[in-house]
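Shown next as structure tokens: one chain only, the form predicted on its own.
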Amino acid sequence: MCGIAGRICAPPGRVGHDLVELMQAQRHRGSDSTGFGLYGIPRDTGYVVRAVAAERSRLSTLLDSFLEATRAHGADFSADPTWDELSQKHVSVRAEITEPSDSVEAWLADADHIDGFEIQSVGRSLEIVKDLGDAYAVADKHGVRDFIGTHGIANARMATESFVSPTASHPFWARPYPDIAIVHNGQLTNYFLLTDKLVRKGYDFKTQNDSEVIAIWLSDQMAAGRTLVESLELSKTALDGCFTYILATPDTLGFAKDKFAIKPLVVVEEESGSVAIGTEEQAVRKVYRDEIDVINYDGPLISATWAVPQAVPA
């Protein structure tokens, strides 16, 4: 069932606040977990890393292992890591690192395989925050409403196949490529076939959630030289099932639907470049309370993209 949303703020603004309202309005579509892919002002160098530690009692040891793997690739913490202080067993961690001396892919090959420490996103501007509960619960715990940025995506999840956990929640980062993420409503029926092909290419999967496949498949297409628009168009036939997904990159939001276009999506576009996207019309009206024109994308073979106004690097 799931609900998804996207938001562009032109100029940069309260994207965190708006995504929380978009998702809380769709709480009835799934409140097992809620997640946000938030794009702030991009940094010129270094990355923000978001991760989940499986056990709070091991946090210090896991952070030491993460730092060791990071230093092995010529990078280091550029600020002290922070984490949530609640009593749940899992811990959400935020770290800022300097530029690896070789590549993100080489660093990630080590850092991404620390048992009990799962990296959720790596980006110059992207931060993925996801946890158990509805949008307000996750926002209260992680301060999502205070996030200022250019754009973002979000998901309210009803788990149907993979387990309920922060790491199986949306959005999914397109590892190992920084700053690309997706949210998804629906189900892929060729999940195992696509996963097998991508694993044989060397890609790594952290969950059994079919949505993770979309993120990595799209990145693989763009890594092979296809544009974002070409990748979105190809996905409508290469991905089999009933789906609507939103893709976010540092400078674009886009979406695609399967050929039957069963899963709904509505959009509000402003002349300024601001955009609000939701599974349901009543969600976008939480952001736009005055009378507005709402585009209902309900035709077959639908896809679209929106450019994100460029912000000055931090």
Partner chain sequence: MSDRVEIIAGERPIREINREIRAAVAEGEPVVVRDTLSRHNLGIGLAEGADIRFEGSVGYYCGGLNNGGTVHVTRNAGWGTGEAMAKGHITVDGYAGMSVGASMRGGIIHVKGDAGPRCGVAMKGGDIVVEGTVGFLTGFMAHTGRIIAVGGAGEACGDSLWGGEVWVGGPIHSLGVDSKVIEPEADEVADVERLLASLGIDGSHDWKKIVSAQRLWHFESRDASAWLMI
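Positions refer to the first chain, counted from 1. What you see is a predicted model, and the numbers here were worked out from it, not measured in a lab.
One more form of this protein, predicted together with its partner chain, exists but is not displayed; see below.
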* Please check if T279 has a heavy atom lying within 4.5 Å of any heavy atom of its partner chain in the predicted bound form. => yes
* To do: Please check if P42 has a heavy atom lying within 4.5 Å of any heavy atom of its partner chain in the predicted bound form.
  => no
* To do: Give a yes/no on whether P264 approaches its partner chain to within 4.5 Å in the predicted bound form, heavy atoms considered.
  => yes
* Asked: Does the 4.5 Å heavy atom contact test between R29 and its partner chain in the predicted bound form come out positive?
  -> yes
* Tell me which of 281-289, 32-40, 66-74, 48-56 has residues with heavy atoms within 4.5 angstroms of its partner chain in the predicted bound form? -> 281-289
